[in-house]
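This document opens with one chain alone, in structure tokens, the form predicted on its own.
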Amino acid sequence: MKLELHRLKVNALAWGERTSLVGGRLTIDGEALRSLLAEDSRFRSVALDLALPGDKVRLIPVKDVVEPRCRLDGGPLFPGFVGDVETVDEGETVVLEGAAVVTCGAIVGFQEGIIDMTGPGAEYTPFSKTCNLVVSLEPVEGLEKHDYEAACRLAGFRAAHYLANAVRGVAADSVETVVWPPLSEALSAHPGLPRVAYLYMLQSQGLLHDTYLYGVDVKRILPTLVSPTEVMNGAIVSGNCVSACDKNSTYAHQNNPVIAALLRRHGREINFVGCIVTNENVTLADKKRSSGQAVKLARMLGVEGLLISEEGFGNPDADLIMNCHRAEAAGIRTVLITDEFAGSDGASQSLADATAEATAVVSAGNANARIVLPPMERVIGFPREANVIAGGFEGSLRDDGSIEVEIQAITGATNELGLGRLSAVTV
């Protein structure tokens, strides 16, 4: 399996009569794109805005962030949503690097986020550094919340595909190639190096807590093995309303830093043999079922090490710790990636569960830390949602337009894939 990512660098956005990319400047035909998205009868209105690094602009409430991409051959991307459900583990894909589609809309799950393009809040989100096309979507009267979320999700994918497809004839600035061998070859490759797999936990805790694999809600699956090229090429997309700080946006899945780090070390320090996708469940029986199946797959692969990343906090902490305990009991060494909810002073217990075997843990930061976001010259979206957003409180939005919140409310602030901008040191 060979995947080529044809990267076109984007460093500026502008409106124009047709969508084109020249010298890193992406010009967008706003009317054509708005007409495309307005074909969905579930929307009462569709508004488009631009938000660039350094702009005194706030986006609220953010639902998803998607990197613009399309298949060079016109094949499916975001399978199950845009295009057919054919596998996406190989081929040639156009990537508009530096650009992002950000969807905003009326709050539904109380856990959408904030992106500030400048100021102290911008230091906590990776999306203050991307050139953002913001799609603000209002539903028709009486539309059910889950239908509204589904419509917003699809709109983000369609907008991202439209941008990349419109410029796919432009020569790439660089081409990243990943060749992934058949499993029989992978398992016997690189003798002498420790065999390592990645256990990829995905949010799936109920309505509005959804993640999709090839268009299937992962709460409906047993853990399964996927190649890193499938993840890199849009097989996994976000559909959840968990807290903005550690929600894995679709952009985060497309650019998973864990997979990138494992690929960089593959063949030199480790033998990376694949990704085990698992879900995060609500009932104890479901947690046991998924944890048991995930560790069974790791044992079948004969791995010595398992890197485990979490999505969310609280209830999913139990899944994380169960996965760790079962793997360690099977003789597989684990490293966990999580964030912390340790109170605003950092003195409370960081995770809702624990085990003695969790001796190697990477922290993405304390999401309860508080921050005051200064007023911006322009707000795209619905600023009063700051009073009900997760990490906010009644009175978070002040009369002068500033907002006091926990960094939990900032999109990507403590991302558990490592896409955030915080770092940690051992002291």
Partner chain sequence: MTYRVVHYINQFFAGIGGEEEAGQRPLLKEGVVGPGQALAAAFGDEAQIVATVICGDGYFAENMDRAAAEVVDLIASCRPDAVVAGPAFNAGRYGTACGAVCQAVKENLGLPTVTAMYPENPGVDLYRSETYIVETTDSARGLRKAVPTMASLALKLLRGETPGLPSEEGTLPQGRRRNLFRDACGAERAADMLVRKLRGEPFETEYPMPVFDRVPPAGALKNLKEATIALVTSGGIVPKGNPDHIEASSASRYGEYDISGVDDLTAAGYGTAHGGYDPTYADGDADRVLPVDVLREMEREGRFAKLHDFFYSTVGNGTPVALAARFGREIAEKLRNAGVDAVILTST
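Residue numbers count along the first chain shown, from 1. Keep in mind that this is a model prediction, so the values were computed, not measured.
Below, we refer to the form predicted in complex with the partner chain, which is not included among the displayed structures.
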Q.
Is Leu225 part of the interface with the partner chain in the predicted complex - any heavy atom within 4.5 Å?
A. no
With the cut-off set at 4.5 Å between non-hydrogen atoms, does Leu3 touch the partner chain in the predicted complex?
-> no
- Going by a heavy atom distance of 4.5 Å, is Asp89 a contact of the partner chain in the predicted complex? no
- Taking the shortest heavy atom distance, is Met117 within 4.5 Å of the partner chain in the predicted complex? no
Heavy atom within 4.5 Å of the partner chain in the predicted complex, from candidates Pro181, Pro194, Gly215, Gly292, belongs to Pro194
Assert contact residue (the partner chain, in the predicted complex, non-hydrogen atom within 4.5 Å, options Val167, Ala159, Ile337, Leu301) equals Ile337
Taking the partner chain in the predicted complex, would Val258, Ala354 and Gly420 all count as contacting it (heavy atom within 4.5 Å)? yes
TL;DR on 173-181, 118-126, 81-89, 226-234: the one with heavy atoms within 4.5 Å of the partner chain in the predicted complex is 118-126
Of the residues spanning 329-359, the ones with some heavy atom within 4.5 Å of the partner chain in the predicted complex are Arg333, Thr334, Val335, Ile337, Glu340, Ala342, Asp345, Gly346, Ala347, Gln349, Ser350, Leu351, Ala354, Thr355, Glu357, Ala358, Thr359
